[in-house]
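First, one chain by itself: the form predicted alone, in structure tokens.
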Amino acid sequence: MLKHDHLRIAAYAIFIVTVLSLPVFFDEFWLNRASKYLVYGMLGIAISLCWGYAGILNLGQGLFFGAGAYMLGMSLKLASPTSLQQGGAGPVPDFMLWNAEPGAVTDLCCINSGSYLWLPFQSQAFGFIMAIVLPVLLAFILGSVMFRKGVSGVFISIITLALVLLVRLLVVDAQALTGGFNGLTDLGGLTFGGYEFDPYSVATYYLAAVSLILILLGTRLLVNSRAGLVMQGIRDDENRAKYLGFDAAAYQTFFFCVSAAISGFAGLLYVVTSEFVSPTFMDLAFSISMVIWAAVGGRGSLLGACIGAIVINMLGATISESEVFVESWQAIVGLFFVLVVLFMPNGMAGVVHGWCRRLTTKSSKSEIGGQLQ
């Protein structure tokens, strides 16, 4: 095994041990914060997989994150005490009652024209599964159309950007069905096997931490697999890959769907840790932020993009809470991004890879010199 492979394994091991050991040092408040940062780390991995390895720059990744969040959020909304105590035969979200026509039946089946869509979400298992299935389904439909039609480059970015804005507009306009601008608040807790995950508990932190680690290792195996190598070949020269007989559109659609599944899962975990769902998850600024996190960490490195997402969010939160920088923290974060792009075009991971390459080269020369002597 090459030395840089040893260094990569060491980097992954250090990251995993660090993530798993945080509950020893942090209290419940900071563990909740750390859980959210780990969720952002999953989004960094999703962007790196899609952009860095598949060459697909998706500027609407928030669509998949928001879809996953809303699917589980609908189940948790129906599990909240306010939904269960509305006086009907079953749970009914409070905002549906506020928006109901005078004299309307206060039942989930028919309180408004679309409320029956909420009926399956009385099962948390359904909401949990749909939080992954819906983003994948959206990605499959969108990816199949785009890649079969030969859409590439900046046009993919424009299409995904327009789509996320369109869906956000629909969600906000459907006030009686989605909660509109307010989103979904006052949610119940995620229950699994009779255990309810408290957002501030160590169990919830480990739910996010173990999920992140499994996603990181799973995507690492994927990019090293035959499919991953073919995808990287398509990214570098699509026409040559097609000439060799590979179905480029199928590979691109598959990686697009995997990235969407990770984002949807991140969305449902964010709901568990933050206890709300908001249409801001599908804001253009949020989707652009995900791309920036991956660029700072290194889009060509899964671990780098993950750490970049975590570091940028920790940096932003820390600076924004400082009395000195409360008015200028966004400018500081923006300046940090500009400096990284100018002086580290491959992100922080590129700098670390450069150091490792020089270290292994120097070590190899020393070994050869020793053997010659």
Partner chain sequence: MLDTILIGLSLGSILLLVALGLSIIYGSMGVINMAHGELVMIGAYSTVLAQIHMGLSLFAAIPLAFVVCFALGLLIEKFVVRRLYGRLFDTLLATWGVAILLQQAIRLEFGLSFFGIHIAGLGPGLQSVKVPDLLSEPIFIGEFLIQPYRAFIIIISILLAVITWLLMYKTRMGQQIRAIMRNKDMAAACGINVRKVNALTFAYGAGLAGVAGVMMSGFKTVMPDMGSSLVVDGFLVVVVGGVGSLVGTIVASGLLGQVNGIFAALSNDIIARAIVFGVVIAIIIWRPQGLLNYKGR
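Numbering follows the first chain given and starts at 1. On a predicted model such as this, the values are computed, not experimentally measured, just so you know.
Absent from the display: the form predicted together with its partner chain. The rest refers to it.
Interface residue remark: G316 is not counted as part of the site for its partner chain in the model of the complex, having no heavy atom within 4.5 Å. Within this chain, D173 lines the site of its partner chain in the model of the complex, having a heavy atom no more than 4.5 Å away. Within 4.5 Å of any heavy atom of its partner chain in the model of the complex lies no heavy atom of A100.
In the model of the complex, at least one heavy atom of L59 sits within 4.5 Å of its partner chain. Proximity of W51, I158 and I292 to its partner chain in the model of the complex is complete: all three residues have a non-hydrogen atom within 4.5 angstroms. Distance criterion of 4.5 Å from any heavy atom to its partner chain in the model of the complex singles out V151 from the list V151, L217, V202, A104. This chain is drawn without its partner chain; in the model of the complex, the residue among L137, I129, L163, I213 with a heavy atom within 4.5 Å of it is L163. From the list 31 to 39, 337 to 345, 302 to 310, 64 to 72, the contact stretch for its partner chain in the model of the complex under a 4.5 Å heavy atom rule is 337 to 345.
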